[in-house]
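In structure tokens, one chain follows: the form predicted alone.
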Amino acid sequence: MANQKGGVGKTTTTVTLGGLLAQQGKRVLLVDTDPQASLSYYFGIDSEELSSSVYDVFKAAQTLDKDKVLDCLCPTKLDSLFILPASMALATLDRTMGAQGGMGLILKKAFALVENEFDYVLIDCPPVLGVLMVNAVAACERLLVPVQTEFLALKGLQRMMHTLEIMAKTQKREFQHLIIPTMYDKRVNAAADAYKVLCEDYKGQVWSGVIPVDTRFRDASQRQSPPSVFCPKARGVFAYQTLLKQLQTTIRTI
């Protein structure tokens, strides 16, 4: 889940899809690569009190093994859902390790070490282009780009798509991506107008549905529970269920 604009629904998308997959009986790993640690805090994980986090995966890049990766994971209330949490130290990665060779493939290496432990890995990216986003995009099979249906968010999407073009050239591969319209309010004309422009400007790249504004998502986060568990009949959850069905027909399980 990536976009170079904050507040567009990346964490909500990660948590909701992860919860739905876990309820299907899948073994799911959610990865928090944002120094602000919103995904970690969602599940009541205090990034300042952690003994290890995804930062330690980067620090141990040269000697990384399966046990080291597994030691960094935190459980959740769902038996098959685990978190690789973030910490504030991630904010220093670009300055301290950004120039080192091979830094762009550390997460891909880490996931390969634990691929027999999980069916799905979902990564919540920071809204900043740097080592963390490069790692996440390089490791993924499909990039989901949540975009709030308002015009300022469309400007942020332009930067994200330009970034993908650059990475495609440097890594010599195409990145499959799907733009997810989020926070759609059918009562607001500006939302409908933004959605229309989105579909026109990125024809063939936009999911056919929308994620509606749903206050139940906020309630679920206060309870530190995936929306699909806390409010399974919410309209927002139904929208994510529809999205997940489409994704599962086009993405292989790891």
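Small disclaimer: the values here were computed from a predicted structure and weren't measured. Note that residue numbering follows the sequence shown and begins at 1.
Another form, the form predicted in complex with a small molecule, is not on view; read the next lines as being about it.
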Taking heavy atoms and a 4.5 Å cut-off, does P212 contact the small molecule in the predicted complex?
yes
Does the small molecule come within 4.5 Å of any heavy atom of F217 in the predicted complex?
yes
With a cut-off of 4.5 Å between heavy atoms, is A136 one of the residues that contacts the small molecule in the predicted complex?
no
Give a yes/no on whether M183 approaches the small molecule to within 4.5 Å in the predicted complex, heavy atoms considered.
yes
Counting only non-hydrogen atoms, the one stretch of 43 to 51, 191 to 199, 204 to 212, 60 to 68 within 4.5 angstroms of the small molecule in the predicted complex is 204 to 212
